[in-house]
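In structure tokens, one chain follows: the form predicted alone.
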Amino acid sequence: MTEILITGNHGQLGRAIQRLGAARRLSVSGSDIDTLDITSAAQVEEWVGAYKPRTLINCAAFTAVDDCEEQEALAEAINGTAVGHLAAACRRHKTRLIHVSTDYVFNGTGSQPYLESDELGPASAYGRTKLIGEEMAAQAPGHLIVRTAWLYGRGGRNFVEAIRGQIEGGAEELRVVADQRGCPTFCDDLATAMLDLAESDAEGVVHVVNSGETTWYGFASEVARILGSSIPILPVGTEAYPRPAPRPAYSVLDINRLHTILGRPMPSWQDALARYMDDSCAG
């Protein structure tokens, strides 16, 4: 029997879970949009039924936040309704569902780290559709919903590589938003925590991000420091980069429940970034 089955296994998080799961000698398989349409209940049922996994980890999502504003129906089909198909298949095949969600389910106007139990109130189409996904995931017995934020990892586009690319491309200066605060999270650390959670009896909602908090400006400044760059980085307000979807001003997630479950803290975001950049520079 397959121990772990992954949707969205071509993404940065899916790749990390598959790689780290294999390193633990777990039987891990997965599919992505090229081989599985999760908006099709029939395809989902056939897929889960063929593998009968112990755990299904849903990393598939429509994550283009601005595009969700214009294509909310499509975003809801992928981020919401499709999760219901996964939950139904998990019920039928006695599979545990672990669903990846987001800080965007909060309204982003807080001033202290959000607890799992805090009031939800998404301000964007992306957040609304991801909240529907949480509601769908909760229909699966023994479900676990993992909320995370500000992801970066190997094998895809992310904020770190965007900043690195500008610096190494010879940019004279960078202008980076300094009034949005959150928790940069390395996919390898998130994947490690999720694999540990899969072995636990934890249910419900758990926040999983690297420890500490910063702004996009602080994040970019640390990337430049690690690269040994003296490029001027100018802090700007959100209004400098108008976008279709509103961004949360504050989306720091409290991870005390995770610490209690795992019996250990998450690495700091600075430590995680240094490891990611050391590995990606070496590779």
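Worth saying up front: this structure is predicted, and the values here are computed from it rather than measured. All residue numbers are counted from 1 along the displayed sequence.
The discussion below concerns the form predicted in complex with a small molecule, not included here.
Think of it this way: in the predicted bound form, the small molecule has a heavy atom of just one of 29, 39, 215, 229 within 4.5 Å, and the residue is 39. Of the listed positions (56, 60, 68, 223), a single one reaches within 4.5 angstroms of the small molecule by any non-hydrogen atom in the predicted bound form, namely 60. The stretch among 109 to 117, 150 to 158, 172 to 180, 196 to 204 whose residues place heavy atoms within 4.5 Å of the small molecule in the predicted bound form is 150 to 158. Contact annotation for the candidate site: 8, 100 and 130 all lie close to the small molecule in the predicted bound form (heavy atom within 4.5 Å). Remark: residue 144 does not count among the residues lining the small molecule in the predicted bound form, judged by a heavy atom distance of 4.5 Å or less. Residue 186 falls outside the set of residues with a heavy atom inside 4.5 Å of the small molecule in the predicted bound form. Proximity of residue 78 to the small molecule in the predicted bound form: non-hydrogen atoms within 4.5 Å are present. At the 4.5 Å threshold, heavy atoms of residue 18 stay clear of the small molecule in the predicted bound form, well away from it.
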